[in-house]
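Form predicted on its own, single chain, as structure tokens, below.
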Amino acid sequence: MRYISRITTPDNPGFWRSPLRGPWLTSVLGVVLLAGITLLFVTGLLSYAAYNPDLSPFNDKTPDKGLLGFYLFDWPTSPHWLYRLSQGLHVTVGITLIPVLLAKLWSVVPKLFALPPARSVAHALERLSLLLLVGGALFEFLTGVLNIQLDYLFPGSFYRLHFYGAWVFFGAFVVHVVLKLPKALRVLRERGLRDLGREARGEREPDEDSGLVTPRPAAPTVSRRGALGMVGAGSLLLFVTTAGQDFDGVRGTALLAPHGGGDPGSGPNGFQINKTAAGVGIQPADTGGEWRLTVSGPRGGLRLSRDDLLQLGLHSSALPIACVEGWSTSDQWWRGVRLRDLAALAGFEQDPPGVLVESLQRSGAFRKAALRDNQVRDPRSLLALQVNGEDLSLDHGYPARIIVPAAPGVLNTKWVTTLTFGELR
């Protein structure tokens, strides 16, 4: 009776009876995650660089440069699809990896309950890294999915929490890789697909002191090959129902990316909208004939009506909109006044500096946003008045909005009311 009660507790290897667990399955899943999580980490850091967090407090969604911001750099404006690609990869790969992550966590769950907690310094380091790895992975994937699906529910800034969480998680991930990758590669190199053949003959997988192979295997209900197939099928399903958010014609397949769902109507303004005028408190009177754009700089403040802007030299740019939630539009044909020409009106004929952009919106994030000097200088950067041959719709930022190549969507401010060129702090 004492033995029976002992094996019913999670700290005993006999408690975990699935015959699928073992070094081979864990190694296969781990190598897939190694590639995927590395890509997620790199594209995630690129996303924070694109937000220009050290430029101005208005964009300060990550910590100051300090130790964690050592990599921050001036985000380029070319190629114009750069953020569309990097953030699309980040979100799509992240969602696609969810079944792999869950399967990997399932495969090593006995290790979380193993006793004693630490047999040596190396073992203690491994257990600590495993705890931080599991907790960090769940936190990062959960907050990321909530931001995509429900516009985020956690208290505090998603950007800061996700940023700090990513560094904690990736630090534990690196430690875990250093400790486990050599063994995983050895298992895969020595066994390869032969382990599936061993399973087909009813032979048990060697444990190799992994603590993953159960001493009391239950009758198998699925093979390891079948388990990998189910994980792969789940990832493929998530990929198919996510990736369409970036492509015209198949956006209806993006069931798991509601921000990139059905197009809002048809015609020149019939493309994705993240926040509507009504949602941020824009009133009809705000954008009527009394609207004026204030352009500030060394020459003071100029007040320009929309008709005044239309009389200036207009230019065109074919640029997409790409959002942190992962969705993006195809290139839209924008027409308006170059930001560098407006900087010249404000007194910066040569080498225009960065600009603080202020919106009419009364609520929501990024009512103010700052753009770098390289973004202002790019000839494709516009204060757009029209899109695809027609005036902007109200939800797309009428009477005027910013459009900048390779910038996150939130920096393409809508309903612009003030441009302040020069010192932003």
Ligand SMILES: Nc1nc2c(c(=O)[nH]1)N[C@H]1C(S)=C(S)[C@@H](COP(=O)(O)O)O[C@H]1N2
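Numbering starts at 1 and runs along the sequence shown. Computed from a predicted structure; not experimentally measured.
This next part talks about the form predicted together with this ligand, which is not shown.
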| field | Partner proximity in the predicted bound form: residue 41 to this ligand, non-hydrogen atom cutoff 4.5 Å | value | no
| Using heavy atoms and a 4.5 Å limit, would one call residue 405 a contact residue for this ligand in the predicted bound form? | no
| Taking 4.5 angstroms as the cut-off for heavy atoms, does residue 372 touch this ligand in the predicted bound form? | no
| message | Just checking whether residue 103 would be counted as a contact of this ligand in the predicted bound form - the rule being heavy atoms within 4.5 angstroms. | response | no
| Pick from 323, 346, 212, 187: which has a non-hydrogen atom within 4.5 Å of this ligand in the predicted bound form? | 323
| Which residue among 227, 72, 273, 82 has a heavy atom within 4.5 angstroms of this ligand in the predicted bound form? | 273
| Since the chain is shown here on its own, which stretch among 27 to 35, 42 to 50, 389 to 397, 375 to 383 would lie within 4.5 Å of this ligand in the predicted bound form, judged by heavy atoms? | 389 to 397
| query | In sequence order, which positions of 348 to 362 have a non-hydrogen atom within 4.5 Å of this ligand in the predicted bound form? | reply | 359, 361
